[in-house]
Every structure is written in C-alpha cells, then in structure tokens.
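A single chain, nothing else alongside it, follows as structure tokens in the form predicted alone.
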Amino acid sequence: MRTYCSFLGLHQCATIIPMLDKTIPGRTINIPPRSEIIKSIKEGGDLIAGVFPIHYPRELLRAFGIHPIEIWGPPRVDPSAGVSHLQPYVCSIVRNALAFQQSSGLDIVDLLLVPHACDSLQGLGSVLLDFIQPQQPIIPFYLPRADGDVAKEYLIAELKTLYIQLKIITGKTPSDDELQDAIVKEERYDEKFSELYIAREELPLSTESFYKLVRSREYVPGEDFVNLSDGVLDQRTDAENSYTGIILSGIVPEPMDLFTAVEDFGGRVVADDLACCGRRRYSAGRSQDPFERMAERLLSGPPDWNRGNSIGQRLDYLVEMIDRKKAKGILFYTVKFCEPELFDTPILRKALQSKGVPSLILEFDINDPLTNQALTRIEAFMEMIA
C-alpha cells in the first residue's frame, strides 16, 4: 500500500493500492474517485474549476491555487434537465454537461471554464453566461484556429486575459517566477503522461485500466498522478504481441468497456487519437516568458481540428502512428452530432483507404451502453483486418 499527498496541500492523505495482480488477465488499478479528490481539495482550502473540453492551461489555474476537474459529459446523466436550453442535435457531451449543471452537480465548483473548442461548447458558454447565469463565474477561453506565429500571439493575448480574470476572482497575483514554477511542474506531469504512452505495451494493465489511469489526469492532482504512474511503470513486463492492433480516434471512449469488447474479439487499442487523451500529449515550452511558454505548450500537441489543424496534417499524423505501432486499422468512435469530427472523418477515411488502411466508424451517445449492433460491427471489423 502507498499513500498520496498532492503538492496542492491536501487536507488529508488518502490510501490507494496501485499494486497490480499480475496473475489475473484484465489487471486493474485503484484510482481515487473524483468525489474524494474534490473533498480533499476543498478541505485543503483550494478552489476548484469545472473545466469543459478540450485544451486549456492547467498551469495557469494551479498558479492561482485552483484545481481543475474536467467535465466530459459526464456519462450516465439524466439529460432532461438541460434539453430545454439546447437544440436536439447538440452532442451528448454538451447536453449532459448542462443537465449536470442544472441538476446541481456542479454546485461544489468555484468557477467554470469553457474552452470554445467547437460550436456546441461555444453555445454552452453563451447559455451559461446569458441565460442560466449560475452562481459561479463563467470564463470562456478561446483557442486560435491557425498555426504559426499568429496563433501564438493570439493565444498569448488570450492567456493574459484569462490571468486578469482569475486575478479578479481570487484576489491573487502570481509572479512570473510563480507562473514558471507551475509551468515546470505541469511539464513534468505531462512528461509522465507521455511516458505511460511510450511504455503502454509493457505495462501490466488491461487496456481499459490503462485508459482509466491516463484519464485520471483529468482530475487527479499532478503529484498524485505521477505517484500512480510510477507505481505502474515500476512493474513493466515483457510486451505481449498476440493481438491485432488498432488505432482509436475520436473524442472520448465512453463507455470504457469498449476496450474490453475490442480485446474479446482478438484486438487491442495500441494507440489513440482521442481528444481527451492522445491529442493532449503536450511538449515542454522553451520561452522564459511564462505566457509565451504556456502558448507554446498548448500549440505543441498532435494535430487537432479545434486548433485549426488541416485534415492533411491529421492524415499524416495517423499514417505515421499506424506505421509506428504496426496497427491494422482505425476505429473512428464518434459522439453523435459532433460536427467537427464528422466533417473530417469521411475525407480521412477515403484518404486512409487509398493507402490501404481499413477503418470503421461508430457513432455513440455517452449515455448509451455498447449496443449489440456496435459489438457485431466491431467483431466483423476485427475479423476482416486480422
């Protein structure tokens, strides 16, 4: 057994058991639930930000003593509380998020950060700001839709605006040195995140457990994430190769037993292009200016439509990933009504087909279990590429 204590100064330590049972297929890891993390953060006197998808500056929040808890839906929420404010064709991540807020699920957070990753999230921000007006401050965060120096200049200005808003909310004024310290820490946590990806075939975890671990980055304090990761990395084993590898692309892998379903049919997700995971493998920045360095980091991730990267860039990235991981195909696992994903996917699939890469697209609602129809299609796809 081991304990975890965050650098954020949690009021109490919780006990976790990251030791793995190597004798049982489908090995698991125990991760503290969100409720436990939130309770400890609040008791320690820090603020909590509820953060919607996808990209945002964790280090800037933490420099102000604010701990981010990400909101990817959540799944299995009664959507009826929020449907009166949204069009019926809005994706279930946004629909569930608003329903969760309307059902008092977000009352415990101190502010809400809404990155404008897509039209649906931008609409959610507008609904919260102009119509619902919850008790917490609502902060929109705009990402550039381009590459290069212009994108970096825009993002630096946006980060400075966010700094001013957080200063007003908290009454704190972090210095450049304090910002740099928070940035360096987040870079270390992101490096550990990438280390898990690099070593994933050697880790004594089922694929579902691996993704539960990497997705704990959405809410677990950074030092605790490092401790959890090290507990697994210390137990690396010889890589297994008796499976058909596939790439998973999309927004969020819900329900998580998707991974078990793929394994049941002789496959394994060997890499991903998921918005909540693989698309957020940020590199360390270089600048000594904290705002420029934060911008460098957010722009350093893999190609992503919500940062304005082209379909060609995404195609090159996917093809390189397929070759490197020796994957046999790609599963595009798409949230219903996710327009940006659905705009790119037909062109990506056609281009991949021309390169001899088979693919399958499945649309899902994050409230729904895997249907028999979806399982049948996954089974047929795995049989085809095996």
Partner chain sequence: MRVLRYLIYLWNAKVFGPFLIRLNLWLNARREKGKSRWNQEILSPPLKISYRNKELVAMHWLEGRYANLGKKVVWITSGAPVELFKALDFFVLYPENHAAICGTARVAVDICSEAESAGYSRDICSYARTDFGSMLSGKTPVGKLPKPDLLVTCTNICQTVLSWYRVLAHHFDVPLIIIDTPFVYHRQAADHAIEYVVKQLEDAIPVAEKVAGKALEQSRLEEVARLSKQATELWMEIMKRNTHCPAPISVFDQFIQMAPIVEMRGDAITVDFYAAMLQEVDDRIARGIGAVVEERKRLLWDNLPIWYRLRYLAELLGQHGIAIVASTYTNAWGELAHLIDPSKGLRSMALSYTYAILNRGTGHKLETMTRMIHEFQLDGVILHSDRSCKPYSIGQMDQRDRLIREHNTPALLLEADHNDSRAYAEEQVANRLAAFIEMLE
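Given the structure is predicted, the values throughout are model-derived calculations rather than measurements. Residue numbers count along the first chain shown, from 1.
Heads up, the form predicted in complex with its partner chain isn't pictured, but that's what we're talking about next.
Candidate site formed by Asn30, Tyr197 and Gly245: none of these residues places a non-hydrogen atom within 4.5 angstroms of its partner chain in the predicted bound form. Looking at Asp344, you'd find a heavy atom of it within 4.5 angstroms of its partner chain in the predicted bound form. Contact annotation for Glu158: at least one heavy atom lies within 4.5 Å of its partner chain in the predicted bound form. Residue contact check for His85: one or more of its heavy atoms lie within 4.5 Å of its partner chain in the predicted bound form. In the predicted bound form, its partner chain lies farther than 4.5 Å from every heavy atom of Arg324. This chain is drawn without its partner chain; in the predicted bound form, the residue among Met256, Val127, Ala81, Ile108 with a heavy atom within 4.5 Å of it is Val127. A heavy atom within 4.5 Å of its partner chain in the predicted bound form is found for one listed residue only; from Phe100, Tyr163, Tyr154, Phe265, this is Tyr154. Here the chain stands by itself, but in the predicted bound form one stretch of 212-220, 169-177, 270-278, 143-151, 143-151, has heavy atoms within 4.5 Å of its partner chain. Counting a residue when any of its non-hydrogen atoms is within 4.5 Å of its partner chain in the predicted bound form, the one hit in 277-306 is Trp305.
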